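Below, in structure tokens: the form predicted alone, a single chain.
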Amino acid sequence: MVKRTSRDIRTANRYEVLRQIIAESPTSRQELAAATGLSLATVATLVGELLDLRMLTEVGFEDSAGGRPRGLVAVNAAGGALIGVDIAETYVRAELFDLGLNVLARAAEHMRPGESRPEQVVGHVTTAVGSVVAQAGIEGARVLGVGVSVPGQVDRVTGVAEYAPNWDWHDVPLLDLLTEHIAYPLHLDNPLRACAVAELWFGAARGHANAVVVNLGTGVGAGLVIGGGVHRGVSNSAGEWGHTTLVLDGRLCHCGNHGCVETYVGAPGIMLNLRELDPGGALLHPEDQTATVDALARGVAAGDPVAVKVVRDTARYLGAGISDLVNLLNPEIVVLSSWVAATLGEPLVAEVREAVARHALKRPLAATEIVLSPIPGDPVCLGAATFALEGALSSVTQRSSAARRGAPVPLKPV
């Protein structure tokens, strides 16, 4: 187990205070102390630092019961910008946020089948990041960082994409490749963590200490919230539920195993479910995942029996897999997230609830709610932007520590 340093703890505390202020702005130092469990003196120090960094602003006072009026602080939305990038198998999306995590600009790049070489992906990311900065009309110096979500297993310290089975990537130095084209500080992680953070801050998991965020896209996984924080595992690999076995000797998966959850409920798996049921039907677009899932959603809405059965069969597989998560983790809430879940919507969620009820144990199921993500935009971009925010706060901590020691302070774009 890696031992946390005092610098790590200070960064985490600063991050948690800022998170609370973003969620409940304006707020007082006393309310922050109660919400975070930190002492009032610690909160006051951290708020002072964030005010000095112009991430916060004083916004007046509120009456207190029998005491002096309490000073209120709020996020200084104009104090900087954050960019979140969602790299998926079929697209690259970028969103630029102010410090209140309000979207100011969006850009998207389509990825054609087979367009997955690292240099091609880097080109799309570079174009999308440049586009949102230009749209927002901000100076580059105001960009505090870029959070990048990349599928598969990622070493967030070295920025290496260690394994992305859908692209057959092994040990790709993605951070170094991106740094050649993007001048802003870069912070990498994967979509499971991004979705979990987005739901914890702004979505259905807000206010819950234990949650599972099921990411349904081309790939499949589960972001885990345990004890109020995102669970990463010892090597930042937790949540690879899409590569657990659902059907013994089942469909071949890109990871090399057979019968993985992803092969039945990811977008390619759903297309195969459709192909097996109605191989020549009009709903199937063989080379286009998005068009096929869109067609299924329209078909369900119109009562098309083929579409209804495909979604029901997919939900049956998904429900069996989610019941394992319910039995194993006993979460308060399971959130269905990402583009496949958003497209198929409530008809999918209703079928999943029924399927989970058939498989999960009654006691943990009784404490679990299963819902669709309420986040209107791209939850992965939103979560990735928080990686940049965390990185910016960590950078500040490092510079302040160096200054106290009298060491040279590294200059970074902020």
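Here the structure is a predicted model, which means the values were calculated and not measured. Numbering starts at 1 and runs along the sequence shown.
Keep in mind the form predicted in complex with another copy of the chain is missing from the figure; the text below concerns it.
Picking from 354-362, 44-52, 22-30, 383-391 the stretch near another copy of the chain in the predicted bound form, with a 4.5 Å limit on heavy atoms, gives 354-362. Taking non-hydrogen atoms only, residue 36 approaches another copy of the chain to within 4.5 angstroms in the predicted bound form.
In the predicted bound form, another copy of the chain stays beyond 4.5 Å of every heavy atom belonging to residue 302.
Residue 180 falls outside the set of residues with a heavy atom inside 4.5 Å of another copy of the chain in the predicted bound form. When another copy of the chain is considered in the predicted bound form, residue 328 lines it closely, a heavy atom lying within 4.5 Å.
Contact annotation: of the candidates 292, 210, 131, 273, the single residue with a non-hydrogen atom within 4.5 angstroms of another copy of the chain in the predicted bound form is 210.
A heavy atom within 4.5 Å of another copy of the chain in the predicted bound form is found for one listed residue only; from 114, 280, 137, 227, this is 227.
In sequence order, 153, 154, 155 are the residues of 126-158 having a heavy atom within 4.5 Å of another copy of the chain in the predicted bound form; the partner itself is omitted from this view. In the predicted bound form, the CA atoms of residue 35 and residue 233 move apart by 3 angstroms or more relative to this form.
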